[in-house]
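Shown here is one chain on its own, the form predicted alone, set out as structure tokens.
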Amino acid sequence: MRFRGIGGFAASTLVAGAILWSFMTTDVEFSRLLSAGPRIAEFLGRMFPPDPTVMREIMKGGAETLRIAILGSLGAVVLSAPLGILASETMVSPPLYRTVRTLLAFIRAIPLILVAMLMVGAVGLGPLPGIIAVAFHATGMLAKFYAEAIDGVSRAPIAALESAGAGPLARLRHAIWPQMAPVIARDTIFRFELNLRESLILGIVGAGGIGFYIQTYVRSFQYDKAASVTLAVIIMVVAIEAINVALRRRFA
């Protein structure tokens, strides 16, 4: 208990020191924020009323964004299934799962926008680089979730099958999967929601989606059209959030 108290105090001191250091070393002038109020109001004023004539572009970009999120999520699930097994200490030896977990950490460390830029340079403009970028980036997190779901199941059914001579795949099918299926469904739905939100910005680098239209209209100073696209994005995100909440409750 004494060591836990010392550790907690040390952690709190470290966090407080980091916050204090950030405030002291960052050039933050709240007066600049207050003086920016009129400029922000002017910018927002240019966005209203939104221009409804861009509905065709909104529908096209929104559909493309949804396709990128769906296919990117599908690719991530396909890649994460075997990687999640290989990253599980329950299923494989320590050297193998530690190597795979290091690989997954490396994938998570690469920003999505950087992956998208590399894919645009490799395969050209359009939704394909966006799909590849989303699938690659999401795999780093989703495979980790799958591995943790495997390692978090009860050991008793696994031990019973091991004593009966069952192999790894049989243990996975009959002892592990029935326990982890709800967790897998919840985590996959959550990752799809993140993928959709991330897909909204991929158009900025030419990787398809509705973000392309936001960038185009802002750069051409057509703020009323940018406002229409932004409202469509908000509606899309809120709708997907409501659907995901309902699905997560279903699998809880």
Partner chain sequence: MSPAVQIDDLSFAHPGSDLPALERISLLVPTGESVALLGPSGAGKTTLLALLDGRLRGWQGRTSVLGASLDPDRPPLRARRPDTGFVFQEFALVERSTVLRNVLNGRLGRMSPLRALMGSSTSHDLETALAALADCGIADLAERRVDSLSGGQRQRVAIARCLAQEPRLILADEPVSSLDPARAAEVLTLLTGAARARGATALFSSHQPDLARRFAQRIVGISGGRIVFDVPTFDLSEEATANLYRDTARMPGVGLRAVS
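Residue numbers count along the first chain shown, from 1. We call the rigid core whatever largest set of C-alpha positions still superposes within 1.5 Å between the two forms. Please read all numbers here as calculations on a predicted model, not as lab measurements.
What follows is about the form predicted in complex with its partner chain, which we do not show.
- When its partner chain is considered in the model of the complex, only one residue from 175, 120, 107, 85 comes within 4.5 Å through any heavy atom, namely 175.
- When you look in the model of the complex, the only residue of 161, 141, 81, 96 with a non-hydrogen atom within 4.5 Å of its partner chain is 161.
- Heavy atoms of residue 111 never reach within 4.5 Å of its partner chain in the model of the complex, leaving it off the interface.
- Within 4.5 Å of some heavy atom of its partner chain in the model of the complex lies at least one heavy atom of residue 167.
- Taking the partner from the other structure, its partner chain in the model of the complex has no heavy atom within 4.5 Å of any heavy atom of residue 152.
- In the model of the complex, its partner chain stays beyond 4.5 Å of every heavy atom belonging to residue 75.
- Partner proximity in the model of the complex, defined as non-hydrogen atoms within 4.5 angstroms of its partner chain, places exactly one of 67-75, 99-107, 131-139, 153-161 at the interface: 153-161.
- Heavy atoms closer than or equal to 4.5 Å to its partner chain in the model of the complex belong, across 180-206, to one residue only: 182.
- The Cα shift for residue 100 between this form and the one not shown, taken after rigid core superposition, is smaller than 2 angstroms.
- Taking the rigid core as fixed, one finds a CA shift for residue 158 of 2 Å or more between this form and the one not shown.
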